[in-house]
Every structure is written in C-alpha cells, then in structure tokens.
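Just the one chain here, laid out as structure tokens, in the form predicted on its own.
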Amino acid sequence: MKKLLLFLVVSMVAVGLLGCDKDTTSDKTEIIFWHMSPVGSESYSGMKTIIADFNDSQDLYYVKGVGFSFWDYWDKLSVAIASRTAPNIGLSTIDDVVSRASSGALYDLSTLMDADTSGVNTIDLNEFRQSQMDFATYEGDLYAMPFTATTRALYYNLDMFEELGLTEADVPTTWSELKTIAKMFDVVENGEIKRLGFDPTYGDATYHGWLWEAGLDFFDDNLDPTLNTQGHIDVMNWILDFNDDLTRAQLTAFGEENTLLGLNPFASERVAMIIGNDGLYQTIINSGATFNYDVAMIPIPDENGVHVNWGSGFSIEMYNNGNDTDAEVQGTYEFLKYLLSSDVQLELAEVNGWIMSHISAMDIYVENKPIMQKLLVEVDYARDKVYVPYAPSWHGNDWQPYYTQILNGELTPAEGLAAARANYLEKQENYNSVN
C-alpha cells in the first residue's frame, strides 16, 4: 500500500511539473523558424541545440524550428510567401531579396535596428560584406541580412596529380592550362569514360560563371540581354571544344551514372578536377573519402581573364504575413540577432559545414582547416547574379533548355544564343507591358 501511495505521489508531482513546463511555454510568444536541417539530417541535432539555447536564454519567446530538405524548402517557402502563411523567419536566396521586399513580404530590418536600444546581440554591419549587403537592400533600407557566404573553387585530386608526376605547381590557372592538364587524366575503356580530367559543365560550373571570367555577362547595365555577341559564341565554343575527343553522349552517360549511383564524381574519385562550392568540402568528409585533395581559384581565360566566382549565398529574412503581433515581430527580430551573433554563426558553421556571413566568426572557424581557409579567400572574389524582374529564373529554367540544345549539338552556339536572347526580349516586352 505504501508503494502504491508513493507511486501516486510521484506521478502527481511529475504531471504537475509537466504542466508547469507546458504553461511556461504557452506563456511565451511562439516564433516559427524554417531551416534546412530536417529530422534525420547530419545537421538536425546541432540546429535543434542552437534553437533550444535561444529558448532557454530568455522567458518571452519560444522558437519552433521546422526543417525541410533543400529542394522541398524552396517549394514550400514560395507557396507560403504567396499565400501569406510564411514562417516568421527563414532562409532565402540573397540575390532576389528585392522581389520580396518590393511586394511587402518582408519586414524592414533597418527600422528595427534603429529602434533597438537593448544592447543585446547588436548587429555590427561591419562584420558583413558590402557586396552581399547591397543585394539585401531595397530603396535604401535592409530587408534581409546575409546568412551564408557561398563560394566556388577548383577542387583537384592531389593523389591523381602525384600518380602522373604532377605537383601543386602544375595546378592550372588558365583555360588553356586547364585543358592540357585535364586531358592527361582521362581514362576511356570500351567507349565508356572511367575517369575524367575535367568538364566545364560538371559540378557547380555554369555558363554565366565562365562568362564572368571572360569579362562578359548575360545582361548590360540596363538589364537588356547581350547574348548575341562574338564573345558569347567564343565562350560557348570553348565549353564545347574542351572535351572534343569525347562525344556528348559519353559525357552525359558518365554524368548520369554518377547521379544514378548517388555519387559525387569528385568525392568518388571519378574526376580529377571539378568546380565545387564550399559544401563539397563537407560532402567529402561525410562520404568518408581518404584521398588527398586541395582547392584553388577557378582557372581564367589566358587573356584579360577576371578572377571571379559565383556566390549564391543565403539570406535570413523576417516574413510579413500582415497579421503578426508586435510581440511576434519583436521576438523574431531578437532571434534574428541571435542567429547573426558571432558565437552562433560559428556554431552554425560547425553544424552545417557552411561558410557563414559573419567575417570575424569565419576567421575563427577556418583555423586549423587549410582547405576552408582557401575557400574563405575565394569568398572575396564571389559575386551574385543580378536580379532581373522580367526573368527571375534567367540562369535556370529560362536558360537551361537552350544550353542543353547547344551542348547536345541540336543548335549551334550562334543559333542557341540568339534563340535564348529572343526569349528574354519577349519576356522583357511582356513584363514592361503590364508594369
């Protein structure tokens, strides 16, 4: 009987304690945060800890984290913003902040910063690159903050280099050197590519990235498409001619085989060199690869080449659904400041393997990480793609069909570029007719 009474007392105390926790949470203003660390991901537990630490640090707000996989995230976010059911705070692409700011979907962070006298986690704008801040600015005010500082570089397999008697001194720095060195690594058996030195369409290599290195661009200062120039044709021919001893069918089959097997071609040692972003560093670690590799700047044209790469970083944004309470707005802002603080940016880098936007924090993060140190240097040479209102997907869905047809030989470079330009001009005309 005594044991039964003791059990009942303990049970009642436990229920009471659970009730107190629930009440404490319910008394807090709930903030919804969407991120890319879903349950089961490598970064889930770390992100959960970061959110929990904020919740434990104060008594006013409770952040509920909701994680999605990378591709699911973008689909869900675009629908949520359009339907005014977006989370209070989340990640987005920094190059098109202006599209959301101009539509009223974002809160003006400059106003919140000016009104902030708390002295807690004050945002030091000097810790963020101006090149990224410019993309987050609309009509003179900040509507987002840089969150990550993605960059791209040339990854190369040192073991493969040594196998051919090459050293780091032989790592290519120009387009002609890149082709010469790359062809030394190719292995083709019975018509199948077993190993490839390099291909300018693999990995994170992009046509607009190669254009930038040649001092060219898709659009002029007035955002008019500039694809019908000899310079564009020359760059496209360089891409086509790089592996001219192999057929497009062979190159496509090799790439599709990697995709089918779920392999990163560089991490699986199937290519000697590849253009990759900073995320490839973490992919190689996660794959358990043991080969020796390093990174370098992406080779540039032999004449008048420009040292540049594509940034495509994330922003952190506060979404305005039109029905948020003052407490929600303030709580969201406090959490945003927390995420941008030096210690948390460092923690986020460790959790995700990303280069974050906070300059000083990343200087600490790359200590004792030689490859990350080199990638961080390349961040200063990264630029983002310009936002084109009449063609927001100019580098993706709008361009890819023409690029694919050129690569497959269905259109000549001149034909494909002209057709792409005509498509952009039509989009521009349609946009201008209603705006």
Partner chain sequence: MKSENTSSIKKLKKQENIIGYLFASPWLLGITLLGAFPILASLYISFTTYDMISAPTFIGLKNYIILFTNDTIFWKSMWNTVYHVMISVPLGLVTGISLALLLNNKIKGMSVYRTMFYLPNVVSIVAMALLWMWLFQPNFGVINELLSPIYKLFNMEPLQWYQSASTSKITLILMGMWTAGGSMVIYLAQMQDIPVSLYESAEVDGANWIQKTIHITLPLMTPSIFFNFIMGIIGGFQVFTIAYIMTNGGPSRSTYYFAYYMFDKMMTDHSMGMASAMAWILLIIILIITTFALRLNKRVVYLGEES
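Worth saying up front: this structure is predicted, and the values here are computed from it rather than measured. Positions refer to the first chain, counted from 1.
As for the form predicted together with its partner chain, it is not shown, yet the points below apply to it.
Although its partner chain is omitted here, in the predicted bound form all of N423, E426 and N435 have a heavy atom within 4.5 Å of it.
In summary, the region of this chain contacting its partner chain in the predicted bound form, judged by heavy atoms within 4.5 Å and restricted to 273 to 281, 359 to 367, 101 to 109, 223 to 231, corresponds to 101 to 109. At a distance threshold of 4.5 angstroms between non-hydrogen atoms, I316 is out of contact with its partner chain in the predicted bound form. Taking non-hydrogen atoms only, D294 never approaches its partner chain to within 4.5 angstroms in the predicted bound form. With a 4.5 Å cutoff on heavy atoms, L346 does not count as touching its partner chain in the predicted bound form; it lies far away. The closest non-hydrogen atom of D398 lies within 4.5 Å of its partner chain in the predicted bound form. This chain lacks the partner; the member of I285, A115, A82, V120 within 4.5 angstroms of its partner chain in the predicted bound form by a non-hydrogen atom is A82. With the partner omitted from this view, the residue of E256, E162, E350, D302 that lies near its partner chain in the predicted bound form is E256 [heavy atom within 4.5 Å].
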